[in-house]
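The chain that follows stands alone, in the form predicted alone, written as C-alpha cells.
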Amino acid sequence: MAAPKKSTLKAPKPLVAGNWKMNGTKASLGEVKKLASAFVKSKAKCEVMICPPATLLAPMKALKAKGVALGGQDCHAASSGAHTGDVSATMLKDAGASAVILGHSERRADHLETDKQVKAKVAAAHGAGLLAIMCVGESLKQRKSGDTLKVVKAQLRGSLMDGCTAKNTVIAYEPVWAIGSGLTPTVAQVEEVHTALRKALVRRFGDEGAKMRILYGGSVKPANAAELMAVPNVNGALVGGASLTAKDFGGIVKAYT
C-alpha cells in the first residue's frame, strides 16, 4: 500500500477536555465558575470542555460558564428502551452535552466493552449530534511486549465506522498504564503513537483524518502539559484527576496561551 500523501491542511483548534469520572457533586460547581473565569482571562487558543458525571450536566449547563463546553462520559448505543441505569446520547444532548467520551479504558476493562460495542456507541453519538471522543490505549503488558501500535491501530479500526469526520470525531490516546499512576510516556513514545494514529486516520478518512484532533491523556498535569502539548500530532489533552480543580486544569490549559 502506498504511503499516504502528506496533508497541508491545518489542524483545528486544540481541545483540552476534563474527565471527572465518578467524582463531583453540586458542591463542585464552584470549580467550573473559577475555570471559566480563568479561561476567559488567559485568552488560551484552545477549546475547553468538562465531562462530569451525568448527574451534574444539567446543573453545569445552568451555570452558563462562558468558554466551557460540556460532555458526557459514556452513552448507550440505543436511543431509548429497557436499559435500566443507562443514559442515551439523546439524553446527554438534552442535558447540555455537546460531546461524549467513548471506549475509555476503564469502560473497556470494568464493563468489558468491545470495539464493536464502542463503534455502535460512536454511531449513536453522531446520530444525536454529539462529538464522539473515542479512546484507545495499551496496557503495560502490551507496551512491554512491543504491541502498542498494533493494539491502538486495531482499536481505532474496530471502534470507528466509515464516514467519520473531523467535526464529529476526536481520538484520545491514553496509555492504560499511565492513567492515574503518575507515570508518563516519554515525548518520543507519545510522538510515535500519535504519528501512527494520524497515518491510520489519513489512510482511512483522507483529508478528514488529517484534520481530526488526537488528544493525549494519561497523567497530564500542569508541570508536563506544555511539553506534551508541543508534540507533533498532539491536538490537546484528555485530563483525569487534574481536571477536578480549576487551579490544576487551568494550569494545563495555559499550555495553549
Ligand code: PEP
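Position 1 is the first residue in the sequence shown; the rest follow in order. Computed from a predicted structure; not experimentally measured.
Here the subject shifts to the form predicted together with the ligand, a form of this protein not shown in this document.
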In the predicted complex, do 31, 65 and 248 all put a heavy atom within 4.5 Å of the ligand?
no
Verify the contact flag for residue 178: yes if a non-hydrogen atom of it lies within 4.5 Å of a non-hydrogen atom of the ligand in the predicted complex, no if not.
yes
Check residue 113 for me: does it contact the ligand in the predicted complex (non-hydrogen atoms, 4.5 angstroms)?
no
Taking heavy atoms only, is residue 14 within 4.5 angstroms of the ligand in the predicted complex?
no
Determine whether any heavy atom of residue 48 comes within 4.5 Å of a heavy atom of the ligand in the predicted complex, and answer yes or no.
no
Tell me which stretch of 98-106, 136-144, 119-127, 152-160 has a heavy atom within 4.5 angstroms of the ligand in the predicted complex.
98-106
Contacts with the ligand in the predicted complex, stretch 238-257 (heavy atom within 4.5 Å)
238, 239, 240, 241
